[in-house]
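Before any questions on binding or motion, here is one chain by itself as structure tokens, the form predicted on its own.
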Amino acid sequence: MTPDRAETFHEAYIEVLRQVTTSPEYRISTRGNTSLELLDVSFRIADPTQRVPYLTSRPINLAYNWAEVLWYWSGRADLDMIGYYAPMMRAGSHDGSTLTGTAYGRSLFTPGPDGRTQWQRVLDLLGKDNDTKRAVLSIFSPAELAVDDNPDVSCTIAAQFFLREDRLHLTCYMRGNDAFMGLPSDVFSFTVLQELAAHQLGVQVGHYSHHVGSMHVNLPNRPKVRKILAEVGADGYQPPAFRFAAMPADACLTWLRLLAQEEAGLRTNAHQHTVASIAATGLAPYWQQVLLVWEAYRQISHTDQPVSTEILQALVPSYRWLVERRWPNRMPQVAA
């Protein structure tokens, strides 16, 4: 597949699914999974802030997507946090409590001998040399292959920043990517981190590029992909005209720290939020929306009641659309 260019991830996602399932190069079987595969798949997104596919037949888990970003940024590897949002991830743990390869944040945000994280070293390099080609975040480790039965090897090899003409571009290199399951969450997390890095450097967000050695769809998910392609191929189809809000540039790290504190309380059901109490946290409105999503998910996970109408109505239209379609059985009648 030659590099394709799309304005948003919604467009790129549909095209990748179409090509992998209608024109695969290989059928492979590895670790008990039979998949359709295309080698050397690449695409570029002109506006990485538009990182969400809006598909009724494939509603993303926005609560998980934002939690994964925070999990990475916190440098965590534990299942206590991320397993709450995605219980199936526990199957990839060798000890039942941690993840190894999938925990990209350990590589990116754990301080090294010099007291700086890999993330900070790369941003420092970009601050000194705008045109550098060395701003590479390494994720895949050769040591991951030293254990023959390792259940969790990093799918991402590396991520590379390019600061060109005051715009920060990001290119991610992956050894393999599940086009149906993993691609939406990978692009979501990587582009949020790209936006965060741009703000830390005081520059604009550039394009996002995604290069994959093996892009594949597992055969059990092929009928689900067909539903997506039928949805977008229907007469008169028009994608929802939503815009994913841009991250505010000010005090991003401060907001993330506060968000991490609030997330822990909701996840453990130690406290609950209302619209008023979320506003009282002092978080910027952009980050308040993340808390609203997590409060909705807390109600879904810890109660048997519909999500409160107040919380749903406080969500911006794009978030509300995604939440309502991801958990339709937990919506109040007025929102159904």
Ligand code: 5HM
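Numbering starts at 1 and follows the sequence shown. Everything numeric here is computed off the predicted structure, so don't read it as measured data.
Just so you know, the form predicted in complex with the ligand exists too; it's not on screen, but the next bit is about it.
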Within 4.5 Å of the ligand in the predicted complex, all of Tyr297, Glu324 and Pro328 (non-hydrogen atom) | no
Look at the stretches 96-104, 246-254, 221-229, 158-166 and give the one with heavy atoms within 4.5 Å of the ligand in the predicted complex.
-> 96-104
Does any heavy atom of Leu108 come within 4.5 Å of a heavy atom of the ligand in the predicted complex?
-> no
The ligand contact in the predicted complex: Arg134, any heavy atom under 4.5 Å = no
Is Gly75 a contact residue for the ligand in the predicted complex, using a 4.5 Å heavy atom cut-off?
-> no
Looking at the partner-bound form in the predicted complex, is Ser154 within 4.5 Å of the ligand by any heavy atom?
-> yes
Name the residue from Gly92, Gly176, Gly265, Pro239 that puts a heavy atom within 4.5 Å of the ligand in the predicted complex.
-> Gly176
Within 179-203, which residues come within 4.5 Å of the ligand in the predicted complex, counting heavy atoms only?
-> Gly182, Asp186
